[in-house]
Each structure stands twice: as C-alpha cells, then as structure tokens.
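Shown below, as structure tokens, is a lone chain in the form predicted on its own; questions about how it binds or moves come after it.
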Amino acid sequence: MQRIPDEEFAQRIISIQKKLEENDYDAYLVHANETDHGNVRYLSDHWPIFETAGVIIPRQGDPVLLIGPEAEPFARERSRITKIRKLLAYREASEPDYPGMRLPSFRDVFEEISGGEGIQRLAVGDHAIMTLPVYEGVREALGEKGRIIRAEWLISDLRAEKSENEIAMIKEAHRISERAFEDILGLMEPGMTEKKVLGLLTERLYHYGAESEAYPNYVFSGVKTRNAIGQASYETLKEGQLIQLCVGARYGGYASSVGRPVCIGKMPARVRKSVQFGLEAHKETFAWIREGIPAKEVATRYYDFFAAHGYEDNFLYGPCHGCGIGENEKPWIETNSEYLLQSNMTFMADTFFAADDFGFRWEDGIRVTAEGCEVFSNIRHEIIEL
C-alpha cells in the first residue's frame, strides 16, 4: 500500500510550529475519534478505535501523540510521531477505571513539552468534537492564568492545499470506488434489500484494495433518496424507483466518493427531468472551478442556475465541500465563502437535489488547477437505467 512519506509528516509539524511562533501560541492541540480522525491522522497517521486521541505540538521541540490506556501497541505500529503518552482522558466512552494503572496528566504533558515552563496560551483545533474529559483536563492543567484559544484555521488552512502524494491517494481511492460502483450495477436486482446491496458493495471495495469505507456508503431507494444523510434499510429495490448510490473508499488515509442516481428499468419522466438537470448543474460546477476564482462566486452561480431552471426550492447547500482525509472537510464553497480557490485544493462536487418524494446526488472528487478543474471520477455522467 502506498503511504505518505515520513518527511511529509515532519514538514506538517514544522509548518504548524511556524504558525505558533507567528501567533505567540505556546502549543497546539487537536482531537480525534473513530469517526472524525482527520487532524490527528494528518499529523501522526494514528486512527483511534474505541478510544479518542490527540496530538499536541509545542512551539519548539517534539510533538506528542496522546492516546487512551489500551491503544499503545496499535499506536506504535502506525504513528509517525515517536513520542506517545497515555492519558485517562482519552479512554473509551464506557469509562473503565483501570485500577492500579498510573497515567500522566495533562499537567505532566504540558511540563514535558515546555521544559518545565508550563503552557499559558494553548491553541486548539477540533472544538466541535473535543470531549468534556479532555477539555476539563486541559482547563485544570492550564490553571487560572492559562488561555484556550480556538484555532481550527491553523490546521484546516494547511490541509486545504494538497501535496502530490495526497492527491495520488485521493485518486487511487476514487479508482477503487469506480470499480466497485461498476460491479454493483451488474449485481443489483429487483427484490434485493438495500442492506444486501450495501454488503455486496462493501465486499467489492475491500476486494479492490480499500483501506476502509470513507463513510457509511449510501444505498437508498424510493422516497428515502430525498435524505441528504441516512442509512441503508431492509426495504427492497423496485423497478422504476430511483436508487441513490454513493460509493466511497478510503486509501492511504484519504477519502473518495462517487455518487450517482440509478434506476432499475425506465426512470419516471418527472424524475428523469430533474436528474438530468442535476447532471447539468454538476457539469457546470466543473466549468466554474479555477485557481483565483472567489469561492462564493462559484456558489452564487450554482444557486442562480437552480433558480433559473425553477428549482430554487430544491436547493439545500452549496456545490462543493472540501475532501481529503475526510470525505467532508473544510473548506465549503458557499455564498458567504470569503476566500479564493487555490491550486491543489480538493473538493467533492456534491450536487444534491431534494423534492417531496425523491431526491438524488451527483458527487465526484475534484482538484483545482490554474487551467480549471481536474475531475477524479468521470464514469457514468449519464442517466443510468439498468
């Protein structure tokens, strides 16, 4: 399996430390859980299972991977950060006591990374997923004079522009997703449950080399296709009924998604008209993407395209969201996005349409270039009737 080289992980730490120096922060702390592990994996390659994890980077010196009491052998197999400390705050949610186990505290970690000087200005990322035990431990260790400063931007800005190694991972993840998608089209039959199709799909992803699913893959049918987020059920596939497939492999830590609406037999005329419009909006998005373009301009054009075709009520969100380690990560492209698109930013072009009784999503990974938009998946940009 391909891997991001150690040197690239080391450079990420150096880049963070430069930002700490520029902003007079003493250290930077990020958090991860099994589902949302992006920043910790980006810095260490560790992916917590059951427990949570963190990485703390001092302004000077070595970073530390922070893990729960049970993860050390697994973490040492994976981590590109060699200094690892076990803290009770990162234990699993059932909160076992581990009687007799002596573990360091956040105060101990702060003393270690600061050479005994302590930490006063702690920048943190992952505010939305940091657990209360971690927050309380950090707060206690900082004391009354210490400050917690929200600084998600510090790492999200760094992650937004991908290296060639990262882009190679994303492309391979899309290649795997495409092959699994094509296979599943040949296996689906009326009467199969959504769950069975999902099982067949998952097998194909691993068959072609996926590290894991990038997210809980989508197999929805009928009225459930209007759900932007959901899970496969035990309902059966029917002829003439819309089916939403979103196929996402993870490879080398990086995510992909290939989303297509599908119908077994003829697609009803009203549905087909909407699906065709969605495909046109999807392709227009590709045409608007280019280095130097204001992100909000792309989103405004996208909304105006919906409105011009009479579909403004079927609009839910902007045309793209960031992708990388997360299938859905910062930045988003929305009408209030105040930044310029830069080369090697990667996004999911995510064209979602919701009506009262059906919906659909066209989705593909893309890369911003000076010349325009590189699309990572070009298969089946067509009305798919099986």
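Numbering starts at 1 and follows the sequence shown. Bear in mind that the values here come from a model prediction, so they are computed numbers and not experimental data.
Keep in mind that the form predicted together with another copy of the chain is not shown, yet the notes after this line are about it.
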From Tyr302, Phe181, Tyr218, Phe106: within 4.5 Å of another copy of the chain in the predicted complex by heavy atoms is Tyr218
Tell me, out of Lys162, Arg80, Arg85, Lys196, which residue has a non-hydrogen atom within 4.5 angstroms of another copy of the chain in the predicted complex. Lys196
Hey, in the predicted complex, does Cys263 get a heavy atom within 4.5 angstroms of another copy of the chain? no
Using 4.5 Å between non-hydrogen atoms, is Arg272 touching another copy of the chain in the predicted complex? no
Partner proximity in the predicted complex: Gln276 to another copy of the chain, non-hydrogen atom cutoff 4.5 Å: no
Since only the chain is shown here, I'm wondering whether Ala228 would be in contact with another copy of the chain in the predicted complex (any heavy atom pair within 4.5 Å). yes
Every residue of Glu34, Glu136 and Tyr251 near another copy of the chain in the predicted complex, heavy atom within 4.5 Å: yes
Which of 112-120, 196-204, 264-272, 237-245 sits within 4.5 Å of another copy of the chain in the predicted complex, heavy atom basis: 196-204
Give, in sequence order, every residue of 280-318 that has a heavy atom within 4.5 Å of another copy of the chain in the predicted complex, or say none if there are no such residues. Leu316, Tyr317
